[in-house]
Structure formats: C-alpha cells, structure tokens
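One chain comes next, on its own, written as structure tokens: the form predicted alone.
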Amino acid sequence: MAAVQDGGSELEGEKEPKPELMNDGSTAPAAAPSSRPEDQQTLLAVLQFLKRNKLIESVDALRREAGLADEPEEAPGSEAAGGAGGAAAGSGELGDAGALLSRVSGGSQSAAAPAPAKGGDDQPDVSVVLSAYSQQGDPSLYQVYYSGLKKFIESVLDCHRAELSQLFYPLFVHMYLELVYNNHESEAKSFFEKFNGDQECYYQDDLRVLSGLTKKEHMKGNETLLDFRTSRFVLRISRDSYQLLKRHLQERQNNQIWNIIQEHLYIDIFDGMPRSKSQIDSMSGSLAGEAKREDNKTKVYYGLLKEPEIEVPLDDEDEEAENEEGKPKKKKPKKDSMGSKSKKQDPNAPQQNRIPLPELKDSDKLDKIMYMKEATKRIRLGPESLPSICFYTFLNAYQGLTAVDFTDDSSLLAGGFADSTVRVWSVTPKKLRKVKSAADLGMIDKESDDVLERIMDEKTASECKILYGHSGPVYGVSFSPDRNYLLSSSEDGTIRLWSLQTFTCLVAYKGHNYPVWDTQFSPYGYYFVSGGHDRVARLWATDHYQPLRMFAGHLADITCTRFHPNSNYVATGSADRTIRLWDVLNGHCVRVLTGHKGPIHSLAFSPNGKYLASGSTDGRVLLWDIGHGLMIGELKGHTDTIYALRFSRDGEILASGSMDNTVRLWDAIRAFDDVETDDFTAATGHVHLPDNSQELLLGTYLSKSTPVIHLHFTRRNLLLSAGAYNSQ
C-alpha cells in the first residue's frame, strides 16, 4: 500500500511533508495537527462501512482502540457534516460506503481549497484507508464510471482530449483486472466487450492476452499482467489537462477511478502546451506507458575512448615508392591521421580507467595496424556512393538458422541453429584448422619464426566446423574481437564460450533459468552481456563463472543486447517494447526509451557512440539521441520484423534487414542533421518528428525469398548480409 501514499505527492507534483499513517487508520498528530476533524470523519466513515457489513466485532474493537464512546447515532451525523462539500452531486452514482467516504474526502478537499499547503494531503490519506475496500465497489457501476469519464474526455477541448485519452487503456485494464480478481466474471466480460474497441490499435496484442484472463486463477500464472498490476503505468500530461481531470473526478466524486489513478498510475506533469496526438503516439505503446522524464536525466558519457598510439609501419607499396624516389609518398600522413583519430580526449567520453579494460596484447596491436591499413582503403559512402551488398544465403538449412555473426575482419561466419549446433565457416580461402595434439606440440621448435603456423594441424583443415554442446536451439552467437573465441546462447539457459583454436567448449555459463535470447561480446573483448526470458540482462567476464552485474527492470523478455562502442554501457531491447541503457560501472539504468509498438529485435550504435537505432516487429526503425534520451527520427518502409541493423564504418549510412526479405539503406547523416538540437533544451523534451522516411531511403534491395537476419559492414565498407532461404 506504500505506492498509494506516494501516489498523492507524485500526482500533485508537490513537495509537502505528508502525514504519517498510523495503524489505527488515523494520522500522526505531529505531522498534521490541523487535520483532526477530518481524521475523526474518516474513522467514523470506516465504522459506518463495517456496520453495514455486519462486522460488529470489528466495530467494537476499532471503537475501543480509538477511544470512542459507543454512540451508534454519530455515524449518520458525520455523513451530514462531511457531505457539505457537494455530497448530492454523486450520491446516485456511488454505492454503499463509497458515497459516504468520497463525501468525506470531498469535504476535506473543498475545505482545503483556499489553503492547499495545510489540507491538500488529506485526500490521498483517505484513499489509503479506503483502497482495501475500493476493490469491492459495486461491480455493476464500473461501466458507469468508465462511460462517465469517456464522455467527459470526449467533451473537452481538442488540445486536452489527446492527452487525457491516454487514461483509457490503463484504466480499462485495471478495472477489468479488478473485476476478475474479485470474481465478478460476467460483469468483467461485459465490461471488456463494451470498451475494448476504444483502445489504441497498438495495444491489440495485450488485449488479446487480457481477453483470455477470465478467472482469478488465470492471473496467478501470468507474469506480465502481474507486473502490469504492480508497476506504475506512466502517463505524461500537461498541468492544465491534469487540473481538468482532477476537477472532474472531484465534482463527480468518482472514487473508484481516482483510487486506480493514485494506486496504479504515475502521472508525470509538465508545464507548457499540451502535446498533440502525433507527439503522444510517437512516444507511447510500451507495456508500462512512457518513460518518466527523470529516468533520462542522468549524464551519459557517450564519447569514444582515446585510441592507443600505435605506429603504422609502411606497407610494401610505400617502401618500394620510397626506394625509387628517395622520399615517402603523400599517402603516409593520411595513415597517421587515421591512427590518431581519437588521440584528443572527447569531452563526452568516460575516463579511460572508468571500467577496467583488458590490456592490448601484441596480437591486438598487429590487428589494430591491419585495421588502420584497411581503413585507408575504405570507400566513403553517401547518397551518391552506396555500398555493394554481398548476400550469404544459407541453402537447405533444414536445421533452422536462428542466429548469425561475422568477425570484425569479415574472415569467419558463425551460425546458430535450432538443432542445438553452432557452425563456423571460413569466408576466405584460408581453411579452418585445429591446434595439434599436446604430444605433437612438444616436438615443435618454439623459437622458429613460423611457430604459429606450425602448431596448426593441416589434417584437420576444412571450410566448416560444427560445435556440439547445447541441448536446445541456439538463439545468439558472437565472436570475440580477437577472433579466438565464440559465444553462443541457447534455449537450454546457458551461454557457452568456444575456442576457435581447438573448436571445443571452454566454459558453460549458468545464470539464466530460462532461454537466453541474445549474447554479445564487448568491443574490447573480455566482457560480454546476455539477456533472455527471465527479463534480467547479465554482464559477465570470460574468466568469471558468475555474472558481474545483473540489470533488472524490464517487464518482459529481453530480446536483444548491444554494447556501446566505449564498452561503458549496455543497451537492451525487450518484448515490453522499451529499450534500456545500463551503466556497466554501477548497474544503474540511465535511459528508458519508449516509442516502439512491438517487441524490439535489433539495436545498433552509431560509430561515434552518440546515436542508437532500434528495430522492432512494428516494421519501424527508430533513431535515438543517447545524450538527451530522446527519439529524433522514425524510418518507415519495412513491412515485417526488423532483425538486423548496422551503421557503416564511418556512420554515413544505416542498413536495415527484415523478415520482408529486403535490405534498406538510409541516409544516417541527413537523419541526424535534420534534427534541431535546440528543441532538446525544452523542459518538456518533445521533439516534432519530420515524416521524411522516403527522402532518407537511399535504396531497397530484395532477396529471393530470404529473410535478412544479420548485416555487417567490412572494414572497407562492403555490406555483408545473411539469411536462410525460405522455399515457401
């Protein structure tokens, strides 16, 4: 019941101290000395209710504890005294004690109107006392209450109507659940049939689940709806619209709806113009309403870490040119500039040592040098210069392809399958080889220059290796940045770490109790994240068999996970239709992003770390500014779930792949440049989204009956995509 108490101050947006609720239902005298008469009225009202229900022993016990004389005629008197504040208005609407008690609250409210600082907190206190009984209100009146509110909202000015219409869905769900919970099955059924057509189209899936809950026993097994009942549904409403609503409910003394608003809703009030229908629709749709503004106020260090200084040696072409001409070519400075791109500390970047990262090994430094050399040959993409797309089609994938990943250097490809296997392919002419056995390794000259080549067993060379170990479908695969390891997550609740030297399983990480839908390595290796059906994401390190952090907060399955390029943050997308950004350092949730109308299945950070793209079953790609925690773009065009998103290496182009068998390319630079950053400073934080998807779409490429489940840009900006051919 604590939530109810808090509800008053959250709804009011006030910071006044609240009277403390005592065990006997009265309030602590020290907290609110001015509210003694109202306390007396509340107590008498409760006694009246107990009497009506013939709970004589409870009446006697309460009278004894409160020190009241046994005067049966006093309760009706209190009705007259408390009802002065407009009792007649709602007497026909409210049944039994509800009418009397709402009059008490109405009386205290009208008395408090001239001086809200003194008595403004009384009403929440009354509802605290009554909340236990409110759930047993007259079930036949629920339709009257809801219809009354609906009629009121439809009659207000257009500017307020859009905002107040947000109340329909959470009130509808809670009133229906309350009827079911109290075993009023026939009333619940007629209430559902009468009003379910009024709800927004994006709640249809939830309403389908709700329609199957017709008995109290059904509610016990449904975790999502239990969460809905216990968590606060967030609505963002302007102060003017809220005052209209509050005045209406007080005039009608509609206690039932007021209790639900206080107990189950969190109203985030802002000062300013009410929002338009399109602004509200763009942000709503998640299981728990919109994100509170305070959820997105924490500072996020989205900048990139400073790159280590590595000298790039000249390659063969440059050396030849130097020998011939006696001076280096002009290409060399360009290479240095690539290497020193992040040498200046980004003001938005976290401290280099904010989280411990693994030290660079010699092999990592060599790989960095290779990366820089490749980067000099990278093709600059843009609207006039689109990437070539190479599609890897899995033919005859009867095992059921469920996940794909490429290594950063695009040399290896891994697939997770529904038959519980993981398969690794080489996509270069170089075949996959295992390390020799221990006996053979003992005979090798360890001092020789080609020792790394000699330890590989040529007899085991093949284009594909199959990894066995999981006991259920594999839903996620991820290569480590150094290409030595591969992670896989499965329906069996485990994440496995595989060696790509021996092609064997090194560790099975057991922390999830249910299927693990996704896993991903950090861009620096060592750390990895996983998320699944248990609604908790976990951060792991390869050398710890227990998770280092647990990120709890989603109300439904976590369907996709992604590390920020600086490795200090993790983004998770969920079937509750929200995206959350978590701080790896302390496990706190620093961003809650709402706006998708279906479960989220793909996430991608821009290379500069400033933006996030997300794709969902609603066929839309949403673009987010991480620093401000705001949606800044919406890309419409796909007609089915988006399972793959990837930015090009320099962030000019965003590629999206969908179950509609297409890859689409979007102009990311223009999408981000079109946003007016001045809008972000507005207190309300509402950005008007331009509907310019068609202008931003650079190309649509159709595959032959192959859903796209993964995309990857090579270091030279060639786009690789993958999927399994679907013969139906």
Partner chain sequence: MAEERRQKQCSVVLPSESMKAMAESMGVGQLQEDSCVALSEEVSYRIKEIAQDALKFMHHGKRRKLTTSDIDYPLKLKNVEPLYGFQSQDFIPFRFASGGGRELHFYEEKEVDLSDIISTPLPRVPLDVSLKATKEQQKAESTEPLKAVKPGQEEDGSIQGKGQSGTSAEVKGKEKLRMKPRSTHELSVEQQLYYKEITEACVGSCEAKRAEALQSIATDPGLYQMLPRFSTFISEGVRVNVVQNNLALLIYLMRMMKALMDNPTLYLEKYLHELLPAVVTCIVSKQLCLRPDVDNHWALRDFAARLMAQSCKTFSTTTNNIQSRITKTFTKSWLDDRTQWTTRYGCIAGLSELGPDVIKTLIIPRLTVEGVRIKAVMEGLVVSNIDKIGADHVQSLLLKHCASVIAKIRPAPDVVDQYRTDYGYLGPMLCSHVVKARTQAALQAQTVNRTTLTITQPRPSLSVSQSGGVGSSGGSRTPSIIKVPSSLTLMSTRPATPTQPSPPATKYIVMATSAGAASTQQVITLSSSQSSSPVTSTVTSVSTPLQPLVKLESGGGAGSRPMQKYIVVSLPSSSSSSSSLEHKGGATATSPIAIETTVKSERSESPATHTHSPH
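For clarity, every value in this text was computed on a predicted model and none was experimentally measured. Residue numbers count along the first chain shown, from 1.
Note that the form predicted together with the partner chain isn't included here; everything after this is about it.
Residues of just one listed stretch (424 to 432, 277 to 285, 626 to 634, 255 to 263) have heavy atoms within 4.5 Å of the partner chain in the model of the complex: 424 to 432. This chain lacks the partner; the member of 598, 148, 139, 515 within 4.5 angstroms of the partner chain in the model of the complex by a non-hydrogen atom is 515. For the options 491, 408, 650, 187, the one in contact with the partner chain in the model of the complex, meaning a heavy atom within 4.5 Å, is 491. Taking the partner from the other structure, the partner chain in the model of the complex has no heavy atom within 4.5 Å of any heavy atom of residue 174. Taking the partner from elsewhere, residue 659 is found to have a heavy atom lying within 4.5 Å of the partner chain in the model of the complex. When the partner chain is considered in the model of the complex, residue 375 lies well away from it, no heavy atom lying within 4.5 Å.
In the model of the complex, residue 197 approaches the partner chain with a heavy atom inside 4.5 Å. Proximity of 218, 475 and 559 to the partner chain in the model of the complex is complete: all three residues have a non-hydrogen atom within 4.5 angstroms.
Although the partner chain is not shown here, in the model of the complex the stretch 185 to 208 places heavy atoms of 185, 193, 196, 197, 204, 207, 208 within 4.5 Å of it, in sequence order.
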